[in-house]
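Here you get one chain, nothing else, as structure tokens; it is the form predicted on its own.
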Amino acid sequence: MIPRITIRGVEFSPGLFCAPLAEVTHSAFRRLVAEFGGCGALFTEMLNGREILREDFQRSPYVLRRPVEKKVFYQLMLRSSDPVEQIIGRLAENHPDGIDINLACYAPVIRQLDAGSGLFENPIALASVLQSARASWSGPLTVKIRLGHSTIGAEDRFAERLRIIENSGIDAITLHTRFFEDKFKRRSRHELFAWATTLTKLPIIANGDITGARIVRDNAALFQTVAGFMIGRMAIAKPWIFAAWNQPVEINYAEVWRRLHDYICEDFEPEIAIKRMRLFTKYYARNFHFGHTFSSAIQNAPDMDAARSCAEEFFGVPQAVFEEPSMMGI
């Protein structure tokens, strides 16, 4: 069982969170996950803070929020030069249940902006941004981090960043136990959670290769000190993973794909919709023994109608399913 977690007076039950995933955790995907239930809170994908000032909260699939989603954290990419107070003031109009600041993204374009991991590496800018965010927002405020760079002094730098985060008034930390350079090529170092939780009074939410209840149960000693769990890539392959955490869930794989197809068509313009469907299918196809043929067909589909036809052909015959799909190579 996963205990509930309270962050700045807001209860999240259970302490299971759907990670912010680039080009995936848009409104259509969050809607699908929410309909299955079992998730303590959903996260948006990382949002450019400055773009928030121009977003249409009623139409944009990145910030659009439906009642079925219940609790939602909005994750922001912030820079020291950003008007943080204005950004958070505008975002507050959409009544987020929490705001999360990304300090983990290692993409070159993000680092060049001194955001994501770039902000994490700059202690002065980091303190400034976090303190401004705290002064502008009275609700749950969290950060998502990695271990930093795998170089000499890594442990001391990591401890220093945790002190900055804590002293800035942040309420909780999501820790992905990989170094920046690891990306997804190496396993997540779950054994480091016990060490990390000794460095701060803040609750730490475990992230990185959390693939379901089994890995938590089989490695219980490694997770004893964490406050909750965040699931990323496996939630794309299995949007019902939260609902199935403690009990089996009967899944119609074809119907799940169709539902997201329809939701994406509803929220996105056609040229963007097919890109989002291709990305989802890349992960979803990992459920099937012959999923590579399905994924390839969708990648080559020119539009959403063609993608739907490919899916109907694939699901028109029984498909053998893996108990736990592999994320290797993605």
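From 1 onward, residues are counted along the sequence shown. This structure is a prediction, so every number in the text was calculated from the model and none was measured.
Only in words, not in the display: the form predicted together with a small molecule, which the text now covers.
Put simply, of E45, D267, E55, E35 only one has a heavy atom within 4.5 Å of the small molecule in the predicted complex, and it is E45. Only one of G208, G148, P140, G228 comes within 4.5 Å of the small molecule in the predicted complex through a heavy atom, and that residue is G208. At the 4.5 Å threshold, heavy atoms of K144 reach the small molecule in the predicted complex. Shown alone here, R157 lies farther than 4.5 Å from the small molecule in the predicted complex, counting heavy atoms only.
The shortest heavy atom separation between A306 and the small molecule in the predicted complex exceeds 4.5 Å. The shortest heavy atom separation between A22 and the small molecule in the predicted complex is within 4.5 Å. Looking at the small molecule in the predicted complex, residues G49, Y74 and R90 place no heavy atom within 4.5 Å of it. Residues of just one listed stretch (231-239, 214-222, 159-167, 129-137) have heavy atoms within 4.5 Å of the small molecule in the predicted complex: 231-239.
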